[in-house]
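In C-alpha cells, one chain follows: the form predicted on its own.
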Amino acid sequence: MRPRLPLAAEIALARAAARLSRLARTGGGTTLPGKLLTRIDPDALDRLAARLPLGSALVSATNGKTTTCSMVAEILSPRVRLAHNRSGANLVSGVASTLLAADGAQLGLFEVDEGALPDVARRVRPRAVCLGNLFRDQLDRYGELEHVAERWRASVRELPEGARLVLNGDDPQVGDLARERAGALVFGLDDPRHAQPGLQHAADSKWCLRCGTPYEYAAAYIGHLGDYRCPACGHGRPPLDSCARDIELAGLESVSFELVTPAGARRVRLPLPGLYNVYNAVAAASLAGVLGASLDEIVVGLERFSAAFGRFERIRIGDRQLLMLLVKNPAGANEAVRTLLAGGAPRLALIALNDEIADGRDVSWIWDVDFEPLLAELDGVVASGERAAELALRCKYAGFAEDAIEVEPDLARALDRGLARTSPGGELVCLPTYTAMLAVRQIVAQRGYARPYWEHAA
C-alpha cells in the first residue's frame, strides 16, 4: 500500500496546482486542485469535510440547485463562514477544490450534481440535505429519472443519524422520500392561481409511484410539480411544512409571495422573476431554517439576493444589456419561455445549443421544449453553438420563418450579431445551454464586461 502524505502536504500541492491554473487563465482552478487531491489521496474529501466545525449541508436537484444554494449562502453568510462552491463545480472534484480554498470555514454548503449526490453524501456525511426536483435531463449520462430517484433513496437511507432532510413535496419522486426519514421538512407551493391548465406534454413523473395509475392534479405548477394525488391508491403530495402562498409575479423584474414556515409567515419580495425562483426561495428558506437561521435572517437574505452565476444574469455591455437564462432540459427551458412571455417577449433571441458532456450529448430534448409561444413573438433568432443547425431546424419546424433564422455556430460572432441587432439601451436575451453559457461569459469577461468565470470560485 502506497504511504499517504500528511493532509497538510496534500493541500499544499493541490493549492499550488490551483494557482498555476489561474495564472494560466484556464479557469481550471475550480476543479483541478480537487482532481489532483483525490488522485493523491482518495479519502482526502472525507478528511477535509470532517474538519468543518459545523458540518456540511448539500443541495441537489435537476433544476435550480445553483440558485437555491446561492440563496442559502446569502442568508447564512452574515452569521457563519462558509465553504461554498459558488462557481457551480458540483462533482466530487469541485467540492474538494472548494474545501481546499476554504481556510477558516465553519460550515460547508455544497450544491451537488444529481448523479454525484450518493458519493458526495457518503464522503461528506452532511448534517442536512435539500432535494429540490427530478426532471428528465442528460439521459445519456443519468438514464431515466426513476434510476436517479432510486439512488437518492438509497443515499437518504445511509445519511448519518440526526441528519435533516428537506424535500420538495410537489415532486412525486422527491416528496416520497419523506417516509424514509423521520422529521423530514417538506416544502412546496400553495397558490392554484398560478397552476397550468393541465400537465405539459413533456411532464415526467405523471404516474403513481405505487400503483402506476396517472396522478390527478389539483394544481400543476411546473412540469409535474404540483398538488397531485392518485385516484386509485391515494398516494399524494405529503403535507407541506413550508410553502409559498399569495404569489405575485412582476414580469422580468421580481416576484413576491407569503413565505409560510414552522417559525411563522412573512411577505418576501424576491428580486428575481418566475415561479421557478419561488421554488428556489422556499427551498433555500427551508434549508436555512434547518441550519439555524431565523425567519428575519431568511427574509433579509432572500430580498438581498441577486442572480446566481449565469442564471437570469444581466450584464451591461456598453450601451446595451445581455440577459442570460440558462436552459438545459425541457422543464427548465419551458419555464424560461414562460417567464419571458410573462415579462413581455423580446423581439430577438440568441439561442445557443452545445452538446458537450456537461450539456448531454443527446440534444433531442429541444423537441420537447415549447418554443412555439416565444417564437410567435420574435422577429428573429440567432442560432448558435455546436448544434446550431439542429436548433435552427427546430425553429423552422415550429413554423418560424426560415429567413428570420440566422445560423452562426461561433458564439463570439453570434453574440456580436445579436448585440448589433439590439437597439442602444435595449436588452439582448440569450438562452444558452450550460457550456455555451460558460463560453459566452468567458467572451464577455475577456472583453472586460464581467468577472472571469474562475473568480466565482474564490
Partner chain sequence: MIAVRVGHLYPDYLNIYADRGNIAVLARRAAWRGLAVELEAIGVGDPLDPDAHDLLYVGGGQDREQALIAPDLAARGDALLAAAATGTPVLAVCGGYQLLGRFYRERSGQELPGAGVFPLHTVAGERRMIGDVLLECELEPGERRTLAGFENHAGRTRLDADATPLGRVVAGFGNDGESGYEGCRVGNALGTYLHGPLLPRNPWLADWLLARAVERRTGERPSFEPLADDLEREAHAVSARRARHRGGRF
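These figures come from a predicted structure and were not determined experimentally. Positions refer to the first chain, counted from 1.
Omitted here: the form predicted together with its partner chain. The next part is about that form.
Student: In the predicted complex, which of the stretches 83 to 91, 288 to 296, 364 to 372, 120 to 128 has residues with heavy atoms within 4.5 Å of its partner chain?
Tutor: Flagged stretch: 364 to 372.
Student: My question is simply whether E114 lines the interface with its partner chain in the predicted complex - judged by any non-hydrogen atom within 4.5 Å.
Tutor: Result no; E114 lies far from its partner chain in the predicted complex.
Student: Should E146 be classed as touching its partner chain in the predicted complex when contacts are defined as heavy atoms within 4.5 Å?
Tutor: Contact with its partner chain, yes.
Student: Should D241 be classed as touching its partner chain in the predicted complex when contacts are defined as heavy atoms within 4.5 Å?
Tutor: Heavy-atom contact with its partner chain at 4.5 Å: absent for D241.
Student: Does any heavy atom of L209 come within 4.5 Å of a heavy atom of its partner chain in the predicted complex?
Tutor: Residue-level check for L209: yes, a contact with its partner chain.
Student: Using a 4.5 Å cut on heavy atoms, which of R311, R164, R136, R320 is close to its partner chain in the predicted complex?
Tutor: Going through each option in turn, the one that passes is R136.
Student: Its partner chain isn't shown here, but in the predicted complex which of D410, D416, E427, E390 has a heavy atom within 4.5 Å of it?
Tutor: By the 4.5 Å heavy-atom cutoff, the listed residue in contact is E390.
Student: Residue by residue through 381 to 408, which ones have a non-hydrogen atom no more than 4.5 angstroms from its partner chain in the predicted complex?
Tutor: Read in sequence order, the residues that approach its partner chain (within 4.5 Å, in the predicted complex) are E386, R387, A389, E390, A392, L393, R394, K396, Y397, A398, G399, E402, V407.
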